[in-house]
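Single chain ahead, written as structure tokens, the form predicted alone.
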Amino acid sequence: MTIKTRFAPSPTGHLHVGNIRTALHNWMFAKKEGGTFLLRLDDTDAERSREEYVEAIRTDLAWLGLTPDEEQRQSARFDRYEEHLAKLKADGRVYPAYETAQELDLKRKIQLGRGKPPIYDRAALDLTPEQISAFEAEGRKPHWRFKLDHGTPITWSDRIRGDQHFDPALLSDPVILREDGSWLYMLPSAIDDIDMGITHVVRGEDHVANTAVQIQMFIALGAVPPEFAHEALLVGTEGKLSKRLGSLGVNSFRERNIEPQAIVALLARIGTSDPVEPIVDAEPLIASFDFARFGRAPARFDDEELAQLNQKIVHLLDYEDVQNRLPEAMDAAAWEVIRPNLHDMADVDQWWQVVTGPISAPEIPTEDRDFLSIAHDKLGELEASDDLWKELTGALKEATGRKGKPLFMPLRQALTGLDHGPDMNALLPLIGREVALARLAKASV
């Protein structure tokens, strides 16, 4: 079997961390199995779908490195849906219903008030021709429901949740087509999965009941259902579903200077038995991907864990990975020096200014000014070299008797304006002998 997965967002808004995770796992599974990853834009909702969101979805997936092998749009397939609907009508598997939204809501409230599940009562199946004519005379248009087969239990072996069993009599016949002729998710999705050769559907556990319904749709359409894997939903650090997770998207990650590799590394592993690790290349993550390692407990998304992972990822990035994001004069050697001190890539400019200036040195005590004056003179006697720091501190130690912090700290403050930062042995050659002389002269006054 050639594996084919799909990510099927509705372009009615931006991607958030939950559906980014779904896209990632579909992409990883397809890549591991040498299969195909399809981006299917479920844009049947003409009123809410926007082309700007289509472009945003493509851009976000590209930024994350999740490049689809194929793209399809549901809005180009309405004729196909109508064709299948006609067959299901002929087979008696769909039926018209005339209740208004208010009437259905009242039915649900009555059922709940009686302690019963709010399942559609199939009243539409008992309508007489006279009642239907009366509704149509009122101007009512029907919505269409898929008729579940109550005589056949719904079962499947889920890649994550194990064996699943549903009694179809405990499920509502789903609405598949609204009164205005617009399609709901369920039937078009099943038709697309059949036509597009989807072999595996990976999605959140909130779709488990939908899967039970769609399995009967696949069978009614004469197709073998794909395999399913329903993963635990993301929760926030407070331990429950967080509305905030619905607003965390690529834009918010970019604003916080989070690297795409950090997002991929975190979302690939949280909710599994594998440790979250700072992995820059996706290949090891793909190689270790296994549905058997996914747990049933909610997957906890922690902002602080992401920030810490991001810092570790930044410390692993090669110059080639970031070259186009660095100051123009910053070369590979400079990147190697500055990289270990970065919290995220937003810090690069700050540290590069330490090299290129101007800097603001802290207030220097009088006794240290005399010491820095000596340092200026000693540096003037030395030639520029990669060992300039070592030679300078050696000469100062011999001339002043200072060592340890009293030796190193005034020099660091005068040369960088800070009391922490990159290894001065590596940083001083970047600053350069002439600039260092000027900084020492200024600080010793």
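Bear in mind the structure is a predicted one, so any value in this text is a computation, not a measurement. From 1 onward, residues are counted along the sequence shown.
This next part talks about the form predicted together with glutamic acid (GLU), which is not shown.
- Contact with glutamic acid (GLU) in the model of the complex, defined as any heavy atom within 4.5 Å, is confined among 264-272, 367-375, 203-211, 106-114 to 203-211.
- The partner is absent here; in the model of the complex, the one residue of Tyr98, Phe166, Tyr185, Trp351 having a heavy atom within 4.5 Å of glutamic acid (GLU) is Tyr185.
- The closest non-hydrogen atom of Asp42 lies within 4.5 Å of glutamic acid (GLU) in the model of the complex.
- Although the partner is absent here, Pro9 is a contact residue: one of its heavy atoms lies within 4.5 angstroms of glutamic acid (GLU) in the model of the complex.
- Glutamic acid (GLU) is not shown here, but in the model of the complex it comes within 4.5 Å of a heavy atom of Ser189.
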